[in-house]
Every structure is written in C-alpha cells, then in structure tokens.
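Here's a solo chain for you in structure tokens, the form predicted on its own.
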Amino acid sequence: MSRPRPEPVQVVKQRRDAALKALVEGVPYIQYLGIAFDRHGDELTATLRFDEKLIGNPLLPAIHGGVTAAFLEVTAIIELSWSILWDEIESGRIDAEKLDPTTLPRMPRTIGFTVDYLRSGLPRDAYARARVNRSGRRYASVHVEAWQDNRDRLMAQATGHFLMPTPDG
C-alpha cells in the first residue's frame, strides 16, 4: 500500500499566498492605511508602512492612536480569518484560481477591543503579530502586539473578542 504523493511545495505556497491576498484585498481600509502581511508558514506578520497621513500629533511627531488601534484590530481579524481558513487551504479545498474577496467566508465581527498604548508610535514602520487564544463556533479571543524597532519594546498591545461568522452567512 503506497501513500499518495504530496503536492509540490510551490502549489501549496501559491494557494496560501492567494488566500492571504484575497483576505487582505477584501478590506479596503487595509490598503488605505498601507498595511501589508508577510507569511511564513502559518505565521503572519503585519507591517504598517509609515506615511505622513498617519501622524496624529505633528509636534512629537507620533502615529495617531486611532491608526494604532485600527492596525491592531485589522491584524487580529486577518489572523483569526487566516486560522479559520488554514485547514481548507492546506487540504486544497480552496481553489486558488477562483479565490477573491467575494468567495471567501465572512470575516469575524468585533464584539470588544481593548488597546493598551505603551509608548508613542514614532514616524517609522510598525509591525504586529496576533495570537488566537480561543476560537470556537460562536466566539473567539485574540491577543495582538505591535512594535517598531525592537520586539521587546512594544508600542501597543490589544485583546479583542470576536463573533465568529456562521457557515450559512
């Protein structure tokens, strides 16, 4: 009895990249803020590219607190959506060629989101990673951390609670 041959790694990478691209393109605000996602296996890192429009206090200058909160929330939602889709992506049940924002499942909805501002966001790129603490059929909890130059010196962190999408839409 022989095992089926695994898919070529390039096919799997292509499917993962197409799914992530469709997730990100499904939220226009992500493009407006200039957030990009870098994928290594199942781990996502969000990058908020610096732009003058993100400055809230020009005297410091510092990134606007609302931009920081939006960056954290977007990172949490994309990470949660990514974790929901992971099994379908890996099994090949998602067809990468037919993937676009309209064919993906609905995204989780925010119930509550608490942000801890730990230091001012300087006028440079920021990075964030989220960790899904709990994900059930109806509810999920996600923790996200953002930093700029040194991951040990967090700029902000947040905890979000989300309503999971139902299978019927």
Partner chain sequence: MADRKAALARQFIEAIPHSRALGMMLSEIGDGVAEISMPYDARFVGDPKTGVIHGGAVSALMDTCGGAAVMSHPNAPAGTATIDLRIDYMRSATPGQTIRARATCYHITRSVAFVRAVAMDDDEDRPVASATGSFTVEQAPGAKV
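Residue numbers count along the first chain shown, from 1. Small disclaimer: the values here were computed from a predicted structure and weren't measured.
Although it is not shown, the form predicted together with its partner chain is what the next lines describe.
- Contact check at 4.5 Å (heavy atoms) against its partner chain in the predicted complex: all three of Ile55, Pro101 and Ile111 pass.
- Across the options 57-65, 124-132, 137-145, 38-46, residues that bring heavy atoms within 4.5 Å of its partner chain in the predicted complex belong to 57-65.
- Among residues of the shown chain, Val74 is one whose heavy atoms approach its partner chain to within 4.5 Å in the predicted complex.
- Among residues of the shown chain, Gly34 is not one whose heavy atoms approach its partner chain to within 4.5 Å in the predicted complex.
- With contact defined as any non-hydrogen atom lying within 4.5 angstroms of its partner chain in the predicted complex, the contacting residues in 13-35 are Gly26, Val27, Pro28, Tyr29, Tyr32, Leu33, given in sequence order.
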